[in-house]
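Below, in structure tokens: the form predicted alone, a single chain.
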Amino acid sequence: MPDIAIIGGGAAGAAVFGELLQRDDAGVVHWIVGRSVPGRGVAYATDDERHLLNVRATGMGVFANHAEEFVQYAARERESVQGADFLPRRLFGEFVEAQVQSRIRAAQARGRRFAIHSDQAVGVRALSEGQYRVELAAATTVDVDAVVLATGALSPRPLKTVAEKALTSGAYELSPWRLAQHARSPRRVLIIGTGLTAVDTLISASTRWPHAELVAVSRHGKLPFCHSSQPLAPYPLQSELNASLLDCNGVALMLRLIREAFRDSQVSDWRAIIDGMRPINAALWQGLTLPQRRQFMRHVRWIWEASRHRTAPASFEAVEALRESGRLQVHAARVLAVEGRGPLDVTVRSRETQLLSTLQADLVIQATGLDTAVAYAADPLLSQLLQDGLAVPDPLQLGVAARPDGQLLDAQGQPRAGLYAIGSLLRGNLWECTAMPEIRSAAHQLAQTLGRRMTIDIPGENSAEA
């Protein structure tokens, strides 16, 4: 029976690993998790209780058809949990660990073979007869028939406008999750970015340094919109709207239809309309040409991100309280330069006036969210895959080029047998693919795909699914 390797110790890797453990149509399932706690990754490793999920508890299962289990788990851990609640990300991380352990115990009981490697994958080499050799940092290797890249977002890269002196000064922080390493209390903290990552960063910074001024800067100065406190009634004409959107040719017409729905709907919240588009978002993206996708990225991405990826009500209220108290200023401006040795001088150009100004800060934190530009990543695994032609970057630098099912395309533009990705690396192909509802569905489908492919491809094996 064939062996499969999953590279990546976050929630996406956990979802694929758990799905494969339940199937008996593969050989050894290798989960290469790196040095992190299996299943937590960056997203759910935080221990700050005020870092909340931006999906309601009912939508946060790890495995397909088991979303309700998180609500049950959370109810055992704390009182008065409701399915509509936005719970701490730390709690979901603990749930992921518990779910994986449960599937491990079940697999052990029936003799299902697997291995968990607490090491970093640094290379994937193509062997003869459709096999791959995964190279680990400890100079060991794992030979398998298929590889799933579940590496999540790339390590953050400094903006091109940041001077080398600023980077080495200790006053510029690339990772918003490392605030505890800054012992000195800053007078002013400037955060680059205003998305969901920036919201968590603002909340943490405001608590850690209660007397610090806070400044947030992004090109559009738009913080995420807020979720409704309770689930919304569906838009009555959602099916008709979705069908019309799928028939559109281009971004402009899509936007016109969405705006018309906003205006015409007397009974629905605009957020219900956006949420109702969720099942067709990938199809809408895949229906756009490359120039149309560029148009979306240039003109629409910022408002889509703020509208689609909304923040929990408690997080929204916390940031609004900071603004109302005067502690937080939000600027719509482009960062042109970050210089100095601390404090740092941040030169920005105002979106409204186009005038230049300089903001001084004792600490600058880069909180610009997901980085999926694999062509520029200092990641040894992805660099090797690109160099060997086993993978190619998406044209918009939104991850790797792939088919809709996650199968990677090689340097000749051909599907690479046995090489797949899941999660943020597929943004160029799916656009919306990083939230748990999408990840668990993709993990389930990928496990089925791998099971079918491996059974069919091996001579003499029964082609029926287990």
Ligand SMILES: Cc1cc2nc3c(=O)[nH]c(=O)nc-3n(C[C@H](O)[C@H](O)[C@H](O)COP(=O)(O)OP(=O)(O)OC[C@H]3O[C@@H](n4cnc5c(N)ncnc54)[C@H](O)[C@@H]3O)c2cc1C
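Numbering starts at 1 and runs along the sequence shown. Computed from a prediction, not measured in an experiment: that's the story for all the values here.
Separately, the form predicted together with the ligand exists; it is not shown, and the next lines address it.
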Task: Partner-proximal stretch of 187-195, 343-351, 206-214, 144-152 relative to the ligand in the model of the complex, 4.5 angstroms, heavy atom - done: 144-152
Task: in the model of the complex, the one of A57, A421, L398, I439 near the ligand [non-hydrogen atom within 4.5 angstroms] - done: I439
Open item on the list: Does any part of Q407 reach within 4.5 Å of the ligand in the model of the complex? Heavy atoms only, please.
Closed with: no
Task: Interface membership of I32, the ligand in the model of the complex, 4.5 Å heavy atom rule - done: yes
Task: Proximity of W177 to the ligand in the model of the complex, heavy atoms at 4.5 Å - done: yes
Open item on the list: in the model of the complex, is there a heavy atom of the ligand that lies within 4.5 Å of any heavy atom of A11, even though the partner is absent here?
Closed with: yes
- [ ] Just give me the residues of 91-128, first to last, that have a heavy atom within 4.5 Å of the ligand in the model of the complex.
- [x] D119, Q120, A121
